[in-house]
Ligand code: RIB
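Here's a solo chain for you in structure tokens, the form predicted alone.
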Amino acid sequence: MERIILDTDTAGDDNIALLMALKSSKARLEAVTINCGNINFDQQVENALYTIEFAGMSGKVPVYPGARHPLLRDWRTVENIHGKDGMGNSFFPKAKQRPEPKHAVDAIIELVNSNPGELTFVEIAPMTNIALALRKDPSIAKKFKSFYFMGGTNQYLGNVTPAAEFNFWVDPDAAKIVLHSGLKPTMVGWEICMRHGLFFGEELEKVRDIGTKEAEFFYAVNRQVRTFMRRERGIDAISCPDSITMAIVLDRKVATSTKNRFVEVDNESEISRGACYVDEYGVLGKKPNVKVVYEASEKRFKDMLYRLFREGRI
């Protein structure tokens, strides 16, 4: 049983990763923390609350709002990708559950210190919240059971600039703190999504034809992403970086190849802001600080989602 803290900038695929954690028999979601990122911060909070209610878990999983802004930088949100509401312009009703008054950073520190060695942290947003938590209490780096993040790239083009993936680009200073904190995280880069985490047009129509509320939810929250991918990338598909990361957390066999590598992020040069460097050949002479996922099983990942769509559980 994975006891999970999920840090998210809830929009599009984040909602599916959240739903997977809520519906998994192999996990218990202890808390959701919200970090600045994809869209308007307050809307991100509402999206998490709605997804929890949609899963039939209203009032059972606390939502803690956290960092509304990166540590040092301005950034741009991406409603053009996820829709004005971050849910494919679905404009779902407001959930009954309300966010907790405690700040996410304090919630993370308290949860980890109260449950040393028991909690898995899943990071699918920029890393501001966890960086602030590590700065406030560095001892928590040694108290996680495991730490997974979706972010960066391994020898691959970025998705927000030629050099950088979105989560690292939004707050490279936070990413640097985390990478050098002693956490020993597992990295799921953008390239894993693009190689193994795309749902193409025919598959999306297959999902919609399933007809369950879960399948309809997946289709709805990702439809604006599909429009963006068609228009800007020239392919009829949606990208699922956060849900394939959650799949790896829930089933380690989804990650078919991992290697320990030294990973660094550029937080100095504006033109390469957020660029991720995986030292494949050890030329820097640095001790590995990240377990990098090199390959993943698209079949195991999609089978997991199809089970969710058909049976309402994983």
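From 1 onward, residues are counted along the sequence shown. What you see is a predicted model; the values in this text were computed from it and never measured.
What comes next is about the form predicted together with the ligand, which is not displayed.
At least one heavy atom of Asn159 is located within 4.5 Å of the ligand in the predicted complex. Using a 4.5 Å cutoff between non-hydrogen atoms, Asn167 counts as a contact of the ligand in the predicted complex. Contact annotation: Phe147 falls outside 4.5 Å of the ligand in the predicted complex, judged by heavy atom distances. The closest non-hydrogen atom of Val105 lies beyond 4.5 Å of the ligand in the predicted complex. A heavy atom within 4.5 Å of the ligand in the predicted complex is found for one listed residue only; from Phe218, Trp190, Phe199, Phe121, this is Trp190. Checking 236 to 244, 113 to 121, 132 to 140, 174 to 182 against the ligand in the predicted complex, the stretch whose residues place heavy atoms within 4.5 Å of it is 236 to 244. Although the ligand is not shown here, in the predicted complex the stretch 29 to 65 places heavy atoms of just one residue, Asn38, within 4.5 Å of it.
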